[in-house]
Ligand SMILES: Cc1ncc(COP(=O)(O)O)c(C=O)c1O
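Consider the single chain below, provided in structure tokens and representing the form predicted alone.
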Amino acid sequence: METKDIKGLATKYLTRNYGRQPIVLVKGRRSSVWDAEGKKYLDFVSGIAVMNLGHNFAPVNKAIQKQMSTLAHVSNLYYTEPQVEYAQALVDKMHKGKLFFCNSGAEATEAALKLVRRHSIETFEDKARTEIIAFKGSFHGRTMGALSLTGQDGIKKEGFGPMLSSVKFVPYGDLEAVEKAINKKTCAVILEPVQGEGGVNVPKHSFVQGLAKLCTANKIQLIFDEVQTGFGRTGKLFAFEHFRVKPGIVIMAKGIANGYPMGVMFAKDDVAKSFVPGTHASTFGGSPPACAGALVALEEITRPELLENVRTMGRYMLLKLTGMKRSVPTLKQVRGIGLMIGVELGIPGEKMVKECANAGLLLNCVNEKVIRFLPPLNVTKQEVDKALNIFGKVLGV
């Protein structure tokens, strides 16, 4: 099928809620993808931090295919070996707690939202602690609960009726503002350890550590949204490790199974106990193929050599991009951690994204003026150099 035919069918049959690039992708391998005309691109979007091991990572694909030929789905009315094997492996990499499996980051956010409310109502005598503190610039998903927690004006909320009323937004990184927002109704604070859709904003260590202490002192649950930062993206398995804190709840998705849909909510034991039969569920959550693929992905992502590559290539990219800043007036700031990097421009960035795509490099723009780099974690220096060369030429370096 030709590109124009695919675009035509998409226009006719798909809802128009995505701003798509005029590219039809047909295959991928490692850090590269090809379109229907055979043009090759370096993919530094990675499905928005999903393809952490690159496209067509054979060990994950084989594990999923093998499991599909044995048992594809039985629902959570029964136990399966792949699910408990993966649960044990993942929790062993974290701290003591339990997992709820679902299919996406938004679903994991909804699970966390329900859990903290129920746990609070069960725990406190006044049963009034249902308010959540979130941050301006945040993004937690587009379902109603997750959208209510999202603190971005650019994320459309109008036309969907009233959001949850029990959410307070405070400036990201402002510990004093959090402290002022806490009252007798507060049950949780939800935090992205690095704001992704908000423009790749990295907080200070002192803020995150202070936030954890503040939550503990006030018996408030600290929820870490690691949907984008988790599974090696920042150079550690989870971003909370950088800040030396142990959140009570962690939300995960995207890079878990390298392209196979999967979401997870982790909760410490004392909080997780509030989920009992009938309180929450997911028909497809923790399916045998998803868990089989996720287990192999976890083993690969936690290899010291891979995580070191993330840190090394991340530092290298930050250094090179910062060097470009000296000679390009429109390049205002470079920030990030690991292989999650944002370049803030003084002008709208969508045109630059299109020009980079024309030159063979896929990037995306968030918060209107921030170009985001999210290459696979196993990206090579040669691929990074090629990508930065394209980006530099488009910038006019």
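All residue numbers are counted from 1 along the displayed sequence. As the structure is a computational prediction, the values presented were derived from the model and not from experiment.
There is another form of the same protein, the form predicted together with the ligand; it is not shown, and what comes next is about it.
Only one of 247, 293, 255, 105 comes within 4.5 Å of the ligand in the model of the complex through a heavy atom, and that residue is 105. Proximity to the ligand in the model of the complex, defined as a heavy atom within 4.5 Å, holds among 223, 227, 113, 265 only for 227. Put simply, residue 140 is close to the ligand in the model of the complex: some heavy atom of it is within 4.5 Å.
Contact check for residue 300: no non-hydrogen atom falls within 4.5 Å of the ligand in the model of the complex. Contact annotation: residue 131 falls outside 4.5 Å of the ligand in the model of the complex, judged by heavy atom distances.
Note that among 305 to 313, 177 to 185, 140 to 148, 278 to 286, the stretch whose heavy atoms approach the ligand to within 4.5 Å in the model of the complex is 140 to 148. Residues 192, 197 are the members of 176 to 203 with a non-hydrogen atom no more than 4.5 angstroms from the ligand in the model of the complex.
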